[in-house]
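We give structure tokens for two forms of one protein chain below, kept apart as structure 1 and structure 2.
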Structure 1
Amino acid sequence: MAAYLLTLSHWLLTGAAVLVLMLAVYGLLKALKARQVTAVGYALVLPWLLGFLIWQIYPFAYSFYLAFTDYNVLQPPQWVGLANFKHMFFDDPRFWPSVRLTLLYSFLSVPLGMIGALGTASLLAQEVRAVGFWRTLYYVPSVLPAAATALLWRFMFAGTGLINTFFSPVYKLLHIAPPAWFSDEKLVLPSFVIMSFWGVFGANTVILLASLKNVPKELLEAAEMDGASPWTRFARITVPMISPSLFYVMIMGIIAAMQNFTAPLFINTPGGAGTFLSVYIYQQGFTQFKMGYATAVGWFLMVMILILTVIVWKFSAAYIYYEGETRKGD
């Protein structure tokens, strides 16, 4: 009971302090002859601004400082300059395999996932009986717990798991041994790419489905009357019309793939195959207590995501079309 009252008192004191700051900002702006609506607006936005500065900007800036320190959580951080980055780039045998695995996974899973999501959305856009049931069914995998899904896939990829059992007649026919999916360095990447197809059914499919439903039917009907084949109508009308949604799905897919965490956290892989950078950051920071080094790897991951996003954004004008857009030369 005492601990509860102490926590409650802290909440009340924090709220009272924020309220006092709001009144102080309001009074200061009124003293500076600001308009009533301006003073009230800044006073009301102050709690959000404080939260943004304290819980987002400060940790972001402090993490940049930690990247240049030796910090084990238990003792104060010690400044080491560029030592973390030197160790990361030149002395860590696990770093570059993890970078390779993360990048290859992103380059393979994102386009394949977009193709799968677009195909699924195209099927769900058809006017068939019980289409609401099918849309719900295809969306269900995205709301399942990620940890449970990872454990399910680990069981399916086991030596005597569902996948090897299902394909055992094929293995016998070809006279090959069942593959050790997550134990073989060469099969780690294909295994995770196959797992990524699970994410095809979910938010991306819903986004693309909504975009497909908004393609003007008169354009498709006019093209059909002109003799355009279904594939031509899809490639020349549907895809350009939904290209903004495809662009959004691509950007979010790259960011999500580069930060893949839950599934590889529950699946052990050979050391030579590396692991995903997000998992590697967790291992360094919360298992080995090398928080400074983990922060340096985290900043490297952020820069990689930023570079890939900028590259995709830079070339987006070549393949993204917006309805009613006018370009130079048109």
Structure 2
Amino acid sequence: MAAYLLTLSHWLLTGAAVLVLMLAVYGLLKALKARQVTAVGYALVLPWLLGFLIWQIYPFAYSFYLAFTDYNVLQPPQWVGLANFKHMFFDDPRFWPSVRLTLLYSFLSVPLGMIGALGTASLLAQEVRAVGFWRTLYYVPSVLPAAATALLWRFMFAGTGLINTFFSPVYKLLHIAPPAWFSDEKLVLPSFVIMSFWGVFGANTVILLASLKNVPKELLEAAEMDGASPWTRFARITVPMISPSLFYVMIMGIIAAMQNFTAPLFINTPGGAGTFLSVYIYQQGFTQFKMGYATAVGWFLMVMILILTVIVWKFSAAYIYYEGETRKGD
């Protein structure tokens, strides 16, 4: 009970403090003879601005410092220069396997999820009855808590679980032993990818369906008149028209996949073969108390996400079609 009251009082006080600060900023800017829009605008965006400074800029800068230190929480951080990065790249036997798993998972699960979502959305765009029903149904897996999904799939992937039971005729036909999925080091990655396929494409289907519905019908009909095959129409008209949404889905998918955290934490794998980078950072920081090293790995992950985003962005810039925008050189 006391714990609730403590947080409730802090919560109410902080809320009140933020409001008072907003009024103070307004008053201050007015006193400095700022224009009305400036005073009101800054007062309104203040909560975010404060949050940005306290919970993003400061931690960001501090983590940059921590990445070059040895810090076990009890003693103050010790400056060690590049030792963390040296250890990470050359001595840590668990680091590269974790990077490999995280990258391969992103490279496999994001495109597969997009193809699944695009296929489903294309089906639903074909004047199907009760679109709302199907759309909702396909969305359900992405609403489920990741923890529940992970436990469910771990159970279904068990040695004598539902999936192996279902495919046992296939195994018999091909004379192969039932795979051990999450318990087989080599199959950990495919198992995670299959599981992600169930979870992710719902949200993406909804987004892609909405943008498919916005593709002008006249364009498709005109192309059909000119004798374009369904495939040509799809590849040359539909895909370019929905490219901004595809791009959005892809970027968001990569950022999320690279930070996969909850599901792997609920799935035991032999020898930690299923340790994604985010999980590894958590383990190093909060179970081994190597906060400096964990931060260094965190920076590596962030730089990787940044590089991937830039690559996707550069590659797709030439292909994305934004309505109402004329490209240079056109």
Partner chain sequence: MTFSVQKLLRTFLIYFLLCLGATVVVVPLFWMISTSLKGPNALFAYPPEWIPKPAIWRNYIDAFKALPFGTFFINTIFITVLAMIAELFTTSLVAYGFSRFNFRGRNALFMILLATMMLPSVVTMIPTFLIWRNLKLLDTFDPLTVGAWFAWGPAYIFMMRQFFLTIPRSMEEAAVIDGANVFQIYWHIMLPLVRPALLAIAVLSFQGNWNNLQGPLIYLNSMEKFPVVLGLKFFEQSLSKEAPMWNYMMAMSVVMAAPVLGLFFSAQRYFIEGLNVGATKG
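Numbering runs along the sequence of structure 1, starting at 1. If you're wondering where the values come from, they're calculated on a predicted model, not measured in any experiment. In this text, the rigid core denotes the largest set of C-alpha atoms whose superposition between the two forms falls within 1.5 Å.
- One of the two isolated chains is the form predicted in complex with its partner chain, namely structure 2.
- Residue 310: CA moves less than 2 Å between the two structures after rigid-core fitting.
- With the core held fixed, residue 51 shows a CA shift of 2 Å or greater between the two structures.
- Comparing the forms between the two structures, the C-alpha position of residue 274 differs by 2 angstroms or more, with the core used for superposition.
- Taking the core as reference, the C-alpha deviation of residue 35 between the two structures is 4.0 Å.
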